[in-house]
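Shown below, as structure tokens, is a lone chain in the form predicted on its own; questions about how it binds or moves come after it.
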Amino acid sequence: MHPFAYFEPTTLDETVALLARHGRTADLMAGGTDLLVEIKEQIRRPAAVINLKKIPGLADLTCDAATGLRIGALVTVRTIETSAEVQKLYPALAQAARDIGSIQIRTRATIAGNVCRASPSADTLPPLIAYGGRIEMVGPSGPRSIALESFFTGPGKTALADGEIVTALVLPPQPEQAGSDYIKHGRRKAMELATVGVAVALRRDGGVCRDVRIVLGAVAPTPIRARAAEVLLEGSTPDETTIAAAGCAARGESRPISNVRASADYRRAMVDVLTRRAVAAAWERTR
């Protein structure tokens, strides 16, 4: 492991100043589950590592039916996985958290780190987008907030500007009779990257779907909304025929590549299957 300067700031202002001083030669550390491995393997060679763990408030988690969910930048995956309120109000996110790595990794890794990594196959991204999540940041120009849907610009790339730090992820309150689901498909059940991931969030209005959001992971350079599939379901009764049409539409909207985990054709086929299953499960949860 090559030498680097190490800092433990205690305020966001101090952190922003450190980033301004060291620029792109500095890396931020939250859980460190990716960063430390990549430094050890010489994939990254930062001149400075800035540990965020001593900044008050970043590890705070609040989840309430009236105000929604706020996930501080240091909240771990394991905390989300085991939160009774998250399981109740945001079950697709709790499921995605359970699907990440091993329990040892989930105990250290953070949700914000999974987001900032911006891997197309990251498990938390589809449900966070499906719930209409936003990401909060602070930098030299002050705080700002954008929709998570707009945050990802390519594999490993985000809209985070130089000198900015993610402070929280925020999900709006869920409406009455809301339902959601996340399904991950991989070659094995644990310690696996997603071959395909599908998240669905919707609301029951009598006998029809409203506010439908379908998000696909690992089938495009970034997580994508299956908008044609959403249109088919919006205002419709999710019977077998409608759900099948939505799955077919989502399949057509996916843009997968072939790699060591699966061919593009296989991924497209699984988008169809998983979209059908996730829509049916989300609808069932609205009862």
Partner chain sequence: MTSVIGKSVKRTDTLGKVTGGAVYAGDVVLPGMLFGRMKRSTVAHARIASIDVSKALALPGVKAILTHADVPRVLHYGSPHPRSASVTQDQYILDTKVRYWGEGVAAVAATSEEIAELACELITVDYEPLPAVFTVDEALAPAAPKIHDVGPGGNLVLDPFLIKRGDVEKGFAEAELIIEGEYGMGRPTPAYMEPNVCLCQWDPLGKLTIWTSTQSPFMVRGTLAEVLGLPLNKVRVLVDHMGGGFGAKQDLFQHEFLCALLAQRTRRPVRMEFTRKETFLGGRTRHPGTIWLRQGFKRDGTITAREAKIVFNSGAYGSHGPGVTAVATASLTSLYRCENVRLEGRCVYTNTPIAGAFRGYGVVQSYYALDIQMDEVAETLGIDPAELKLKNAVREGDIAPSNHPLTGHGLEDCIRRGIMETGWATRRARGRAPQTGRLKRGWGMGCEMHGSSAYPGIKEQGNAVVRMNEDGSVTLLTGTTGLGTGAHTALAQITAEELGVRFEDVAVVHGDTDVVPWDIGAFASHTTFMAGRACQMAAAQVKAKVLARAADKLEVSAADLEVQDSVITVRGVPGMRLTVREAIAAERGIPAPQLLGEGSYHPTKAYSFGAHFVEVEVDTETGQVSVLQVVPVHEIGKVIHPIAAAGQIEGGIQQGIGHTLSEDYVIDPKDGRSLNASFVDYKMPLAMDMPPIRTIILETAPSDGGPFGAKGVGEDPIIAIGPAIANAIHDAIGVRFRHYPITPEQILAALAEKAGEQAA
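Bear in mind the structure is a predicted one, so any value in this text is a computation, not a measurement. Positions refer to the first chain, counted from 1.
Form predicted together with its partner chain: not shown, discussed below.
Shown alone here, V260 lies within 4.5 Å of its partner chain in the predicted bound form, counting heavy atoms only. Mapping the unseen interface onto this chain, R227 falls outside it, with no heavy atom inside 4.5 Å of its partner chain in the predicted bound form. T67 falls outside the set of residues with a heavy atom inside 4.5 Å of its partner chain in the predicted bound form.
Although the partner is absent here, A161 is not a contact residue: none of its heavy atoms lies within 4.5 angstroms of its partner chain in the predicted bound form. Each of Q42, A190 and R276 comes within 4.5 Å of its partner chain in the predicted bound form, counting any heavy atom.
Of the candidate stretches 200-208, 116-124, 133-141, 178-186, only 178-186 has residues with heavy atoms within 4.5 Å of its partner chain in the predicted bound form.
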